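Heads up, what comes next is one protein chain in two forms, each shown on its own as structure tokens, labelled structure 1 and structure 2.
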Structure 1
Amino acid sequence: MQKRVTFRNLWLPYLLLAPQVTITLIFFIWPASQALYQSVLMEDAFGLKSEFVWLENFEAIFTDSNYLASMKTTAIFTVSTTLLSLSTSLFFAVKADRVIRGASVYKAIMLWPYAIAPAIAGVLWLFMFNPGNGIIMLALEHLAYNWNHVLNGDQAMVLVVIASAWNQIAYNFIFFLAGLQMIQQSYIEAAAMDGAGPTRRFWTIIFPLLSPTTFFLIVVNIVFAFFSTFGVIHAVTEGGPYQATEILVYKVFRDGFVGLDLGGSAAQSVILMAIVISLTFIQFRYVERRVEY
């Protein structure tokens, strides 16, 4: 936590901490406490007076069918994105771990999506699925499958899931590969000598040894799907059609910023805060030794 040998100075440490702490107080802690405060207030129609209403805003949220639908949408979106991205990147990481010739070229290209903003990833996939001139859309049409994510909610969900999972592949790939390279070769050789084939070795040795990495990545991917995918949703579907892709973060934005429902939006913020706090807690409590180096 700290050095054995330290400097002694009455004011310098405070001066050094001042910028970070000031910004945190003004732009993090103060707004968060405002959200907490507003979440128990209700404003009148003209925004002139506000009244303390206990947990009425929360009650309103949890009985609002739109909010419950948004929770369900978020759950589907998060689970699908996480599963799709983790399984694909694990598959490619395992292959990349095996290869010797050309390895650096494969690895270098697998990193690319990390540099691409979620919104831009969304735009790339949106174009390929675009009704009228999207290449994948036309290929599907060729197979007699009718694609129109502008009207079909399930298809819109598939589109944002693919774009988000694609965007997150690089991150997962890097961590899986780092995890795989830490597994001692001797375990695998021993298993091979006992006659276990590659598939069996993967499921009985590699996969269990990789579990700290996998667990860490599950948490990170949930956080990503919950919060960082705002750009994908906003740029590609705007939560539509008919709220089919309206995840919680997008709903907070729309209700608060576009709909100007202060109390309701604040209460939604508080719920999201609770979710991040629990995820951070899980990450620090149970994923202490995340990657076995």
Structure 2
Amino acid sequence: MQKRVTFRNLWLPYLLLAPQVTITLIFFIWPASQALYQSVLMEDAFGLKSEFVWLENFEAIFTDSNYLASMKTTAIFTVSTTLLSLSTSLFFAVKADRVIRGASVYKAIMLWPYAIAPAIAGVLWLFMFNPGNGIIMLALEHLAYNWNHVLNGDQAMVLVVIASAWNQIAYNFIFFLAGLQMIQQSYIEAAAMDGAGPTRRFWTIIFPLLSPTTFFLIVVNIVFAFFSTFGVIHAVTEGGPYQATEILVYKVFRDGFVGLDLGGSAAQSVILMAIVISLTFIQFRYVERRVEY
């Protein structure tokens, strides 16, 4: 029988919830409602008055080839960043779980990148891939590979994917390592006694038991790729070259703050929010069925 928590003071539960509710209203509900309101408005060229235009901003967006290209770019960027970040962090977590001597030092080093802001992470990788004297650029020159992300859109995409994934690896590493340490060793030992090798033990026992952690991190990393990577894009490529790395969240910024198309930018933010909410719903509705708790 479960015990129900009761409060003698009638107002105490509401006082405890008030800070979080206030933050949600101020930093999420209010901006979202303002974006929804501005998405049906269009300002004149001088920003002196607004006109109610119904859904014309949304119609213009979906007939804009640049916006459709940004959607494709965002899909490629999100999938690439999520896969690279999750696979790398899982690899390091598995290795860290096996370390006996110096384990605390190894884990501490792995956590350091999480303290770096996305924009700073982007600048660090930009220095290493600098076409003039970057350390990785010099190594690529010795391999006779021509690297110039300033002119090559595919190379620019690779750079921002690496920088964004690297910035998220430490966060994923923490959860994967915690998940690995929660797995009972008796399962792995029993499989080893039955003749299962390390690779088979990982894919048949360890990875399925990590499915709740993996599912959670997939949701978090997709949201991260959609929104929190703005700093990386802005610091490294500014959406270039030729809009090759202009993801949706950066296009919202460019059209709204640079192009001063506030109505169109607000409509784009509404669409972006709807896409993220829909993807999260789909993941919880269909992908979670494969999760083994």
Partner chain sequence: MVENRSFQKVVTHSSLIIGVFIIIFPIYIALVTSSHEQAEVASTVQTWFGSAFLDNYSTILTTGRESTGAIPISLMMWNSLIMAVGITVGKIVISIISAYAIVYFKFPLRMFFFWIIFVTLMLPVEVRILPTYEVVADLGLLNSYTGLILPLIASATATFLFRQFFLTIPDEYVEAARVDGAGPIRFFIDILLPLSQTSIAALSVILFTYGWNQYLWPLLITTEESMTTIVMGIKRMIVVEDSVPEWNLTMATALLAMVPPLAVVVGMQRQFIKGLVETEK
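By rigid core we mean the largest C-alpha set that fits within 1.5 Å across both forms. What you see is a predicted model, and the numbers here were worked out from it, not measured in a lab. Along the sequence of structure 1, residues get numbers from 1 upward.
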query: Identity of the form predicted on its own, given as 1 or 2; finding: 2
query: Core-aligned CA displacement of residue 257 at least 2 Å between structure 1 and structure 2; finding: no
query: Residue shift check between structure 1 and structure 2, rigid core fit, residue 29 Cα at least 2 Å; finding: yes
query: Estimated from C-alpha overlays, the smaller rigid part's rotation between structure 1 and structure 2 in whole degrees; finding: 13
